[in-house]
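The same protein chain appears twice below, in two forms, each given on its own as structure tokens and labelled structure 1 and structure 2.
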Structure 1
């Protein structure tokens, strides 16, 4: 029986190397390619034809959730396991809607991680149990699509005028959406609203 071919995508070289070393100790797993950016995932998958891709959530170039969507759209038959430091329920929901088959945190013991790769390869779903429980109790994002867009645009600290220009909205409309988002997140400022939304996974990774 041939080994399961694995792609590793993580922007931290030390973490990527450690994961590769741990997985390569398993006789039925073969790490065939490693990348450090989300926008390198699809090209690497096309070239090396992995069976399972382990994707970090936060990466330069393209976040792991977007990379997962692109990988699914490429129809390469590669299953996806998200492996992240950021165990946020909102990210779990986004990952599953993007087409990922699993979501685990990086401090998952090596044997459990290897088993997660095998189960995802078999077509099963693998989700960190604590995250699954949090996801059920948390509910979906309370933000509308436009409020999410405004918060995302405001994340970098731009003025209301900057956000309005970026989204082709009036400044008054931007203020209204920001005010609504601040209220829905229980925040006092827009910076706090951004933080709450990111921590809950209602905003995609920066």
Structure 2
């Protein structure tokens, strides 16, 4: 049986190269293409036909979760293993519903990565157990779409007026949504609500 063809997507060139070095030490794995942006994943996959795609969640252009969705939609028979720095409970759920077969965080031992790739290639699911537990406990985002929008717009420290202008809403409405988001997150200020939402993966960071 021929080597497993791997696509590698991570925005940090150093990490990407290092992962390539790590995987290329395994004789049955073959890194056939590397990309540094989420929006290059599908094209690269179409060209190089990998068996497994290793996708980082945090990437410029298009985040890894959306890239995973697109990759599944492209129907290239390529299985997906998400890799991420942050063990946000929400990410796991989103990744799985996006069609990923596996999810590992960047502080799992290096030895296990190759194995995870092999497992995913065999059609098995690979999930960090601790994270899976969190994810079950956690449940979905309690925020409505609009609340999420408002919270995201307020993320960088803008005032109510800024948010209202950005979303074409009245200031009062923005305050209502914020208030409701603050309530649902158990926070006491807007900033705290943002922090909680980001930590749970209900809101994209940065």
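Residue numbers count along the first chain shown, from 1. Small disclaimer: the values here were computed from a predicted structure and weren't measured. So that the term is clear: the rigid core is the largest set of C-alpha atoms that superpose within 1.5 Å between two forms.
- Matching the description of the form predicted together with another copy of the chain is structure 2; structure 1 comes from elsewhere.
- Once both forms are fitted on their core, the CA shift for residue 53 between structures 1 and 2 remains under 2 Å.
- Comparing the forms between structures 1 and 2, the C-alpha position of residue 187 differs by 2 angstroms or more, with the core used for superposition.
- With the core fitted, the CA of residue 156 sits 4.5 Å away from its counterpart between structures 1 and 2.
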